[in-house]
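Only one chain is included here, represented as structure tokens and corresponding to the form predicted alone.
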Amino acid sequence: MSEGGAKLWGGRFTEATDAFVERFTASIGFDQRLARHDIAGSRAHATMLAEQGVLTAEERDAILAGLGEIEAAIEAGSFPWAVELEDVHMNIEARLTERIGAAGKKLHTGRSRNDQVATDIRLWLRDAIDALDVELVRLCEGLLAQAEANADTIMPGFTHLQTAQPVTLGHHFLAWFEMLLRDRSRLQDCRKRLNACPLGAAALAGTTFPINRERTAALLGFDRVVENSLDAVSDRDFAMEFTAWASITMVHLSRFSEELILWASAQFAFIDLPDRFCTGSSIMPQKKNPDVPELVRGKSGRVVGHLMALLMLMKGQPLAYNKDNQEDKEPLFDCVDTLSDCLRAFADMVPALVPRVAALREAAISGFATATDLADYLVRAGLPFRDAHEVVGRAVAHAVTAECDLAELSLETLQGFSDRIGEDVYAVLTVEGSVAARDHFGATAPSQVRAAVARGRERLAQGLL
């Protein structure tokens, strides 16, 4: 045997692979985390081949038993991974052949590493999506619980980070719930498109053996097979779609993080973050730093970067498989790991947030948040909205000069801006009256918040958007 023949694919080669090139092209350092899914694919492939008469029952049984021993060794951490065998597929196949002999060499009949790795990644990502969905649901449940508990908690609503109108904190939490429920819907859609089986496409053109692709797909829990063999081995749309989903989700978590960071500051003082989600300063003993939301905010850039990497990876590739595709795994793996940690951190942290109810209400009172309510009052009294807007603007300017809130202005002063203002105006100038008046579907009234929480739990349970 030639030196090149030491490789499982080495029959055509007359010299050994350069040592640096061997390390440079190997993927075993990161793709061994596909081992469980690689073995699952091999079990399904061997079962199908035996059913089709390509393998004998004895060969199938030997293969399945050998794969079981290898899986146990991998789980125990005793499997001898070898860089010279390049990747997870070759390592497992070589070890299988060592254990069971010639039958191990027959396992690769009717398949290629091209369709094998495409199958492994889909299986791995499918499991990852299911695990991420669990954390996403847990976070959504935490937001609903906080929304229900704070249905009556008044806070300022903001636009341009300026006090706009009073809202309830429960309503604010529900906004984040809606974002994440859309994220969950997108994740479910991604899983549906992902769940197609490439196995049987072989290198790119299919195989001459009488395989049954539908049977293999069914054994692996796929909904269908990938129609075209060229597309089956070269497609990484599912990876790009997943990282696009992850990027949107991380942007949502980053926005949420930004608010928590602001709210936990001494300047806002809207919430207390439990100590277990914070760290201190090495020099300033008074500091309590919101490290968890800060890190989540920072990690959003990392995930978006992985999306860019995968898009650039695929943009120049002709059909079918190219070695470039080896670069799909590390961004995808890290994307899943990062998002999993961020969702877990938030799912743990959100239920533990402690709102500072008095500070929230005081902030809502101090920013002329009921100015729009006064304008609406004047419209109901018969004043055109643009005229009402002008009246309230002058009243606010006066209150700014007087350093008081609109509700603190005397009736005489208010009537100086419009004779349509009566004693009943003070009912609309309170923050409680303001939020209670917005009593329609999707608005901030406490009764609407409680109804939205009930609907949210039903939508979450049923997987609805």
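Keep in mind it's a predicted model, so treat the numbers as computed, not measured. Residues carry their position along the shown sequence, with the first being 1.
The form predicted in complex with a small molecule is left out here; the points below concern that form.
- Proximity to the small molecule in the predicted complex, defined as a heavy atom within 4.5 Å, singles out one entry of F158, F333, F277, Y321, which is Y321.
- A single residue from the set Q165, N195, N325, S247 has any heavy atom within 4.5 angstroms of the small molecule in the predicted complex; that residue is N325.
- Heavy atoms within 4.5 Å of the small molecule in the predicted complex map, among the stretches 372-380, 347-355, 334-342, 86-94, onto 86-94 alone.
- Although the partner is absent here, Q32 sits far enough away that none of its heavy atoms falls within 4.5 Å of the small molecule in the predicted complex.
- Though the partner is left out of this view, T413 does not reach within 4.5 Å of the small molecule in the predicted complex, counting heavy atoms only.
- When the small molecule is considered in the predicted complex, V117 lines it closely, a heavy atom lying within 4.5 Å.
- Using a 4.5 Å cutoff between non-hydrogen atoms, S27 counts as a contact of the small molecule in the predicted complex.
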